[in-house]
Ligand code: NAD
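Shown here is one chain on its own, the form predicted alone, set out as structure tokens.
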Amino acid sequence: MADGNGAMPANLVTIVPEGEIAGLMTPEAAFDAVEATFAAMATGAAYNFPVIREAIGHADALYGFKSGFDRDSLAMGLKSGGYWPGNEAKGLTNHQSTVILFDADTGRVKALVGGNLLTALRTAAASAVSIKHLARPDAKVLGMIGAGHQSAFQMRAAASQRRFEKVIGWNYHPEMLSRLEDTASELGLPFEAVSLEDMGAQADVIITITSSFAPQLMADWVNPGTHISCMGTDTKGKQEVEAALLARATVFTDEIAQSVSIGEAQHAIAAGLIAESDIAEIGAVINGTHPGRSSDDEITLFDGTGVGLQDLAVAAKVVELAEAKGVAAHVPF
């Protein structure tokens, strides 16, 4: 409503910079936000808009947008960012992003939130949600394929869901395995570097978190009863596991539309090994409308493509925490 001079009231935008996120957002809060988001998606109360993600032809970068709207929480907005593979050499994380939240009632900008750490936390939380609901309760060996920046977040989140007794790992560049060994040590777990074939033979839970465009884990290597969280494939052409593995497994995902187009399932669908109807939403398991794992011998696979609603949920939570702790900045816009 305009004031007496015909001017609209100032819109105050909340800003939570990247440097404040670590002191505000916990892995536990991220887990709760992501689990609730997946449940809302399965009921149809929350939905994502089509993803834009493209190679920009500069710095070998992938850049894009993820967005959505939750009618229950009224979270609405987008995450803009992507992957710059040369950033680590510059002392920066390869993934760079920012979340913008909007007021669902007016469309005005509501908040600007640093998205780098939030992306790491929400991605790890998604994998952990799948482990909570799909992995065997007696899972003892955690397998990690990939040793990049995200791998430490993945391992810590996974360790909160099962009483693992050992971590095994593989990375295309073996010299990076020290990150996995250090993180396992931090968790009080022994670590062993293994071949990919041994990975399949030993692990009860396997997390793949790479930027691979070729399958690394083969279907015949995986033991019955294993749970696999495929967390790296989020772009057309990417692939971490053999397509035949999805045919052996019961497949779950965050969002089916993304799974079949930019997720791990894109290859199995293209090869005719599975149909879209063979893929279930993890939110249905959370809500109790899908039974999830049906036996100790069943292979379960979670295709974590990363959805915009995850980003909005953790960003909205961090804004709430920042306001409560008095560390949020406000600027007229």
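Note that residue numbering follows the sequence shown and begins at 1. In this text, the rigid core denotes the largest set of C-alpha atoms whose superposition between the two forms falls within 1.5 Å. Note that this is a predicted model, so its numbers are computed, not measured.
Heads up, the form predicted in complex with the ligand isn't pictured, but that's what we're talking about next.
Per the 4.5 Å heavy atom criterion, the ligand in the model of the complex is contacted by stretch 147-155, the sole one of 194-202, 147-155, 67-75, 131-139. Although the ligand is omitted here, in the model of the complex all of 95, 176 and 209 have a heavy atom within 4.5 Å of it.
Exactly one listed residue, out of 231, 184, 246, 99, brings a non-hydrogen atom to within 4.5 Å of the ligand in the model of the complex: 231. Only one of 171, 80, 250, 161 comes within 4.5 Å of the ligand in the model of the complex through a heavy atom, and that residue is 171. When the ligand is considered in the model of the complex, residue 283 lies well away from it, no heavy atom lying within 4.5 Å. With a 4.5 Å cutoff on heavy atoms, residue 216 counts as touching the ligand in the model of the complex. Residue 305 belongs to the set of residues with a heavy atom inside 4.5 Å of the ligand in the model of the complex. Not displayed here, the ligand is kept clear of residue 259 by more than 4.5 Å at the level of heavy atoms in the model of the complex. Contacts with the ligand in the model of the complex, taken as any heavy atom within 4.5 Å, map within 238-264 to 238 alone. Superposed on the core, the two forms differ at residue 62: its CA moves 2 Å or more between the shown form and the other one.
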